[in-house]
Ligand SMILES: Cc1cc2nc3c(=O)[nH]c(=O)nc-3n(C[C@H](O)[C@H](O)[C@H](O)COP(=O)(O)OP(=O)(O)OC[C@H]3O[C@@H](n4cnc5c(N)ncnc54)[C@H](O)[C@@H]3O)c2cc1C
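Presented below, as structure tokens, is a lone chain in the form predicted alone.
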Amino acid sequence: MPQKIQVKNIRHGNPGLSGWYAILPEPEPTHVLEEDLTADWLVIGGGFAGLSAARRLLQLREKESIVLLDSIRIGEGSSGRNSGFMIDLPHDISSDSYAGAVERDIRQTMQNRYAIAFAAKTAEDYGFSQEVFNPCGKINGAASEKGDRHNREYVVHLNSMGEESTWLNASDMKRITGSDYYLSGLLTPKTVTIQAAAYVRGFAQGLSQNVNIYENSPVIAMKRADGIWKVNTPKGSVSAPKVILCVNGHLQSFGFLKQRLMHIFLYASMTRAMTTEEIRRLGGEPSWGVAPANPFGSSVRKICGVGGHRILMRNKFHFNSTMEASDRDIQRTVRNHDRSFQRRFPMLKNLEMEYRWGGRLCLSWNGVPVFGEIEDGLFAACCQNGVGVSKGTLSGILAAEYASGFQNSYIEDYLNEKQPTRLPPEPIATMGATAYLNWQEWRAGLEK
């Protein structure tokens, strides 16, 4: 019997212009699917998961044809709006602490580093600069006694895992960031920082030498008959026996996991390029990345290179079951970002924010991914639980390996995860999630 999937109208939903994308040179002209194709493999989604899935397929099935579709320009979506930390250690943004059970955290770290090694080889093969892919580590910055205590507890946890870290005092933090706001910091050396939009755009450009990539080509219908999936876009179609869905929360738009996925928006602001005098006044190192000691605090990045010296602030969580946010939602976060910025950088009071944007995360209530064969010949690599760069990369790799019959113990880890827990009905889900997020942000205090 033919299998038919009703696909909702997939809209962008992410408000504002991402500064990561805006400071890049104009992209090459887009290739829109305007014909009927056949292929051995189809990957839907051009973010971290989709690009990684396509590259892994290329490695495993180099003689087979691969098509990748994205509904918008690659780099404009959620992957290009990320704060840009490819984190190796466990990182639970739904908790007020990053530490978990030791054995499970060790296993997650091994998984994440499998993804990072894959990304590092990608960066090498495609000639990414250090500005785009920088294995510089990550600092957990503490702005309060409570945050400092979180970091000290985390050191104990990392020691139990056999992981190295470097403690930074207030003067170390000022030397690095130019700010005297932080009481302490904890450097973990194996995180990679990326220029989010440049990374996925460069990844797609490198991949396009061997993979047929089509942008602005949203899926509007899917149907399987006689062992072949036919996927329609507004102007064309792709027919393939195996399809990998790498659409994160939009898995729901394809009719799967209804009332089991949580859609959270996070917001960011990026300054204009700093003047020579402002760079001098700030001091510190040319580029760095500080994540908050409390997961509900502010992530801060200082970047330099294409687009000049700039600072990025990221905070404020917003639950939205419709997967849609607006510029009005951004305006509600402006005061949060400006206040957080001025707390840290009072010497830069005239440095304005040039770009403000939001990006969507997908979480499950019980913190598990959506992975595996969800229909005959249809595989999912979705729900990254707020750690999109590393977990998205990992799930894309593993989905390609699983669909190809490649043996990997990490695949078993993912297949053995529970299903996402069902959410309460609306409006209870929104009311409950909003109250929880507001409470956690209030508890973050000065870390925000």
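Everything quoted here is computed from the prediction, not taken from an experiment. Sequential numbering from 1, following the sequence displayed.
Unshown form predicted in complex with the named molecule; subsequent notes refer to it.
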item: Segment assignment from 277 to 285, 108 to 116, 354 to 362, 328 to 336: heavy atom within 4.5 Å of the named molecule in the predicted complex; value: 354 to 362
item: Residue (of H150, K302, R201, R314) lying close to the named molecule in the predicted complex, criterion heavy atoms within 4.5 Å; value: R314
item: The single option of L89, M173, V238, V247 touching the named molecule in the predicted complex, heavy atom within 4.5 Å; value: V247
item: Triple contact flag S79, F85 and F254 to the named molecule in the predicted complex, non-hydrogen atom at 4.5 angstroms; value: yes
item: Interface membership of A49, the named molecule in the predicted complex, 4.5 Å heavy atom rule; value: yes
item: Contact flag, V387 vs the named molecule in the predicted complex, heavy atom cut 4.5 Å; value: yes
item: 4.5 angstroms heavy atom contact with the named molecule in the predicted complex for L207; value: no
item: 4.5 angstroms heavy atom contact with the named molecule in the predicted complex for I44; value: yes
item: Residues within 4.5 Å of the named molecule in the predicted complex, restricted to 203 to 236 and counted by heavy atom; value: S217, P218, V219
